[in-house]
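Next up is one chain by itself, shown in structure tokens, the form predicted alone.
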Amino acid sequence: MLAYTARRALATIPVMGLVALFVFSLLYLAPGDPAAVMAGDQATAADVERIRATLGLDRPFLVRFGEWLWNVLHGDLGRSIFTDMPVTDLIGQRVGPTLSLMVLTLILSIAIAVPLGVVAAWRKGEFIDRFVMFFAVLGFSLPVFVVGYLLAYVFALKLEWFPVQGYSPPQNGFWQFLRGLILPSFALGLVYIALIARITRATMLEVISQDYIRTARAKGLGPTSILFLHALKNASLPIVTVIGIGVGLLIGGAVVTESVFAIPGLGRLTVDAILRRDYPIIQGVVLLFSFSYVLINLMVDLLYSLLDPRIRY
């Protein structure tokens, strides 16, 4: 197990290197002169040159990339062009709301989607199966911002069960903290729930047709034991895979969700940075999201070896 873990961890190093190269290249791939765009129409030539020097655009690409990568490895993501604050500090101030939103969304999505997919497979062709498939299609069809506005209108404005917008930190009360994240989590997680439910149903349909499931039924085991103790365990690899891949949906959807519900997280920080062409912040946030996604996929690979020890060899 230790050797397998070491091999998988080493395999992520070149991937992270390529990600870092792409993120740094965003500054050079941007159309036009980034320094002139950030300086604005009223800027003088001296202002443009100052910004070019700050961004390192007056030096060779490889030299600047090497310096930037060295600083990143030491925890320095640069400074914001507009606020002159360290990017790591700005990210540190915003990472809490985004992490809370994504963790709650992940928990709710798995807790809802997996049982739905299992029951739909068990009752194939019946009403519950058709309902799950309809829900899955609906979840894929509706954009995140549409779901967010609908939930806010019904449950916040009309029923007044939840706040319309905003974020309350946990130290202000756990219930207030949770109330502010429930609607954003459902809006962000709808497509994720649909994805996991469909994959769970498809995988379970294949598994419950196996001989050992018929043997378990013949022995008199109940549906709960058959589905969740026998079938789901053997169907877990594709489900775990789609959960890991689907984290990318959460990362992308968090930007829209935080804008709809006015959550001061990394998504809002990214949108503000893009509007102001604050490239150091954009690079820092994209790098953080990319590395997080790579690490999550590494964890999924390691989880494979626990669910199926044959994968280690």
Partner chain sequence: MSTVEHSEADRGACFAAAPQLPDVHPPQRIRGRFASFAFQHPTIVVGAVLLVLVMGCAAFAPLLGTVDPGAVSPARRTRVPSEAYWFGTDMLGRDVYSRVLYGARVSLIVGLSVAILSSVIGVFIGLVAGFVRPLDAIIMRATDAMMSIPSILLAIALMALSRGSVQNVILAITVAEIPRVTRLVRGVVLSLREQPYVEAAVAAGARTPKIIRQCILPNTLAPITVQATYICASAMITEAILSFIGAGTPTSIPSWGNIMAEGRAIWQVKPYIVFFPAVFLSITVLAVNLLGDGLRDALDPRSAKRI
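Every value quoted in this text rests on a predicted model; they were computed, and no experiment measured them. Positions refer to the first chain, counted from 1.
Another form exists, predicted together with the partner chain; not displayed. Remarks below refer to it.
The three marked residues, F162, V300 and L303, fail to reach the partner chain in the predicted complex, with no heavy atom of any inside 4.5 Å. Proximity of G248 to the partner chain in the predicted complex falls within the 4.5 Å heavy atom cutoff.
Although the partner is absent from this view, L10 stays clear of the partner chain in the predicted complex, with no non-hydrogen atom inside 4.5 angstroms. Under a 4.5 angstroms non-hydrogen atom cutoff, the partner chain in the predicted complex has L275 among its neighbouring residues. Within 4.5 Å of some heavy atom of the partner chain in the predicted complex lies at least one heavy atom of Y279. In plain terms, the part of the chain that comes close to the partner chain in the predicted complex, with a heavy atom within 4.5 Å, is 133-141 out of 133-141, 74-82, 218-226, 110-118. Of the candidates V240, L106, A152, L90, A152 is the one whose heavy atoms come within 4.5 Å of the partner chain in the predicted complex; the others do not.
Only one of V146, L99, I128, I182 comes within 4.5 Å of the partner chain in the predicted complex through a heavy atom, and that residue is V146. Residues in 210-233 all lack a heavy atom within 4.5 Å of the partner chain in the predicted complex.
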